Structure formats: structure tokens, C-alpha cells
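First comes one chain, alone, set out as C-alpha cells in the form predicted on its own.
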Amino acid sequence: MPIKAQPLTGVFAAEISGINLASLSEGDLAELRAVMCAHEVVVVRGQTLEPAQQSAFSARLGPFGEVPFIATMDEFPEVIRVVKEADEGAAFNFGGAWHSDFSFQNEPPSFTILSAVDVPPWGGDTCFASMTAAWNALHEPMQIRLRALKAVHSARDAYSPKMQALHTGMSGMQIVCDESANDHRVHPLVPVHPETGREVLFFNRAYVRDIENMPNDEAQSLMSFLHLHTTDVKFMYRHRWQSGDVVIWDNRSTQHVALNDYGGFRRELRRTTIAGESPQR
């Protein structure tokens, strides 16, 4: 039977039913990957994957992506435990700014897989934005302008030593900042998706710190515009987590943010990333 994908918005994201991620056939896996690229975010409920099962499923999508700065599980070095304990209150929330995972790398991840282990009774949602839809909504003169530009990505305002005190305040995760976060990578602002052939905006305000060869005032103005444009609610899907949920997103054509509105409750998810390739026009 073909995989059933029920759209979750009129723009992107879909819920997949009737599959077990731990026991997919090769044919179903190939079909799921096509659905993932087409819908950009897919939700599969009722999975309750153990770390070994999530690791095994993820590995079938491709090699694991490099995980800098963040401590992983001892037994499963490709798995991050995304944890905020109940007693951390309104403190810093991992993933709490709009971003595309590790876009500051030479080869950012292609897909991210996040499975829910322990979720609060309310709050802690994750919002996603389609960078394909955001691109398609721009007027042609703006598209022509953006196609010629390159963005400077850096982790300096997330993982450089100046940010260590912020991360040290988290009791459920270990994050070690270092000077490598001050490095930068230059990627096309409008690459072509390697699997769909669609143009996308490869932009996020957390890691895009400059526009190459553009005066600072102009670059700051453009980045502010792009942030407001791409995070408009009309390009958004907001996921309300349930235990057993697995959400997979295409990191090449989306950005996301984890909401920090569940002080007093515990939240734990497990994350794996799949290696990607350098964004290209």
C-alpha cells in the first residue's frame, strides 16, 4: 500500500499513518523519503523509538551528520538528548531561536529526526517555516536580487566561548563552547534543493550573520526583512508534541524554533541528523 500523507496545513507538512519506522521495507523507505522532500516536515505518531531503533532508522537515510559543541549519548554518539528539566523554569531553552540545524557547517544536515520521550501537558511546541513557500511568495525583482547573493553563516552567537555561561545554566544537557564557533561558511542565499530541484531560501537569523560583499547597514536591513518574511505565520506549521511522536524535517528547505513556555514541566526529545551536502545554486 502507498504511504498515506495527510496534509497538516495548506502550505506544507503532513502526517504519515500506518507505518512503523523501525521496520520499513526498502520500498517504503524510498517512498517515505520522497514524501519527506515533498512535504518538508512529516509527523509519524505512536512510534516510541528506543535510541538504538532511532539510530538504526536514521542510518538508513544516510550517514550521520557531525554534531559539534553538544554532548551526545555515550552509547549512541549520533544521538542528542534534548532535555529541559522541570526545575529549570523559564531558563534558556535549547533550539529557542529560529534556525536551520548547523547551517554554519560546510555541509549542513539534510534531515533531522526528533522523537518525543517526555513531553509537558502543554507548551513546548516546535514551529516550522517552509523556506520554499517563503521563496515562492517573493516578488520577481526581489528573487532576482537574492539569487545573486551569498550569506555568511557562523555559530559565534550560539556556541563561541562568550556563550558558555548561558549553556552552563542548563542541567539536562552538556554544551561545550569553543573558538571554532567563530569560523564562518559562505552559502548561496538561494540554493537549489538537490533532490526536488526547487529553489529555496537558505536563511535563518540564528546563524546567518552577514551578507557577503554588502555594506553592513544594507545587510542588516535585508536580514531583518528576510527574518520577518520567512517566519510569517502563513508559512508556518506548529507541532504539538505527544509522547511517541517522531517528526522528520528537511533541513535544507525549512527552519524551526522550539517554544519556551513550559516552565515547571520536564521535556525530553532525542535528535539525530543526517549528513547533507554543500548548498549549491
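Source: prediction; values computed, not measured. Counting begins at 1, following the sequence as shown.
What follows is about the form predicted in complex with a small molecule, which we do not show.
**Student:** Tyr237, Val247 and Asp250 - do all three of these have some heavy atom no more than 4.5 Å from the small molecule in the predicted complex?
**Tutor:** The answer is no; none of Tyr237, Val247 and Asp250 reaches the small molecule.
**Student:** Test of understanding: in the predicted complex, would Arg209 fall inside 4.5 Å of the small molecule by heavy atoms?
**Tutor:** Because no heavy atom of Arg209 falls inside 4.5 Å of the small molecule in the predicted complex, the answer is no.
**Student:** Is Ala137 close to the small molecule in the predicted complex, meaning a heavy atom pair under 4.5 Å apart or at it?
**Tutor:** Close contact is absent here: in the predicted complex, Ala137 is far from the small molecule, nothing within 4.5 Å, heavy atoms only.
**Student:** Mark His39 yes when one of its heavy atoms lies within 4.5 Å of a heavy atom of the small molecule in the predicted complex, and no otherwise.
**Tutor:** No - in the predicted complex, heavy atoms of His39 and the small molecule never come within 4.5 Å of each other.
**Student:** Given that the partner is absent here, does Ala258 sit within 4.5 Å of the small molecule in the predicted complex, heavy atoms only?
**Tutor:** Taking the distances in the predicted complex, the answer for Ala258 is yes, it comes within 4.5 Å of the small molecule.
**Student:** In terms of non-hydrogen atoms within 4.5 angstroms, which of the given stretches 89-97, 129-137, 192-200, 150-158 touches the small molecule in the predicted complex?
**Tutor:** Only one stretch qualifies here: 89-97.
**Student:** Heavy atom within 4.5 Å of the small molecule in the predicted complex: which of Met170, Cys177, Val82, Val79 fits that? Just give me the one.
**Tutor:** The option sitting close enough to the partner is Val82.
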